[in-house]
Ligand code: RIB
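Here we start with a single chain on its own, the form predicted alone, put down as structure tokens.
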């Protein structure tokens, strides 16, 4: 099977709190909402998206030797993800994310990295020795693991796809090799460049600023309900998304970039891939939860047919 994607990224257990609003500093709010524990983590969300969208996914991450870690690995195995390179750490707990979801569907997330910061070069070497067609990463793991994985992939001639989730401005971008796609959302683009992509001109300004930091064939800026902006190094193009009632935006960006990556690997057309990614993200925001909200390939294809 082609489209063998190695995801080197994070795995978390999410504590999702459905609330009316986030309290102000120093304020205590009694809320009549609810809370649940849901498998999450940017890497895991993307790995699950790859598997559900028809890709062949291997997931390299680190979990704790605890109940959360056991539950997560069991889920990945049930979903058909290759878990051969997932290690259990005795010194750190499984990553935990606390997600506040307001009535509007907007979310705010605090991540406790835990074992995600323990991914080591030995694990990366072993995974890179396997047969892979692409490397996919985000920034919820330690920078050394990101840079080492990118270096190894570049040496093998494997295309590299990076979702800028959880990026910080201090990341050493100059140490990255050439990428196939680099994809931040609006907040991440602002964090990196200091420019908010809230207009046609500013989207281009952001893309040009990013292109000076990151050598990528394509820069794809996720714009939430406005869709996405694709920059090919010379020109930019808006790719509008689809109207739907927003229930929960958790995992939407992860699902979008996974859909973008997989469809791009299948067809080689960045704009067709972005349409597929927009549909994937749209279906994701129409449902609650992280991993539970990610659609299947059949659902995405049916949705695309319904809107054409």
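Residue numbers count along the first chain shown, from 1. Predicted, not measured: the structure shown is a model, and the values here were computed from it.
Separately, the form predicted in complex with the named molecule exists; it is not shown, and the next lines address it.
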property: One stretch from 59 to 67, 236 to 244, 265 to 273, 37 to 45 that, in the predicted complex, holds residues within 4.5 Å of the named molecule by heavy atom; result: 37 to 45
property: The named molecule: the contacting residue among 99, 135, 119, 72 in the predicted complex [heavy atom, 4.5 Å]; result: 99
property: Contact residue in the predicted complex, chosen from 210, 160, 86, 111 - any heavy atom within 4.5 Å of the named molecule; result: 111
property: Any non-hydrogen atom of residue 49 within 4.5 angstroms of the named molecule in the predicted complex; result: no
property: Residue 300: touches the named molecule in the predicted complex, heavy atom cutoff 4.5 angstroms; result: no
property: Contact of residue 250 with the named molecule in the predicted complex (heavy atom, 4.5 Å); result: yes
property: Sequence-ordered residues of 8 to 29 touching the named molecule in the predicted complex, heavy atom within 4.5 Å; result: 12, 14
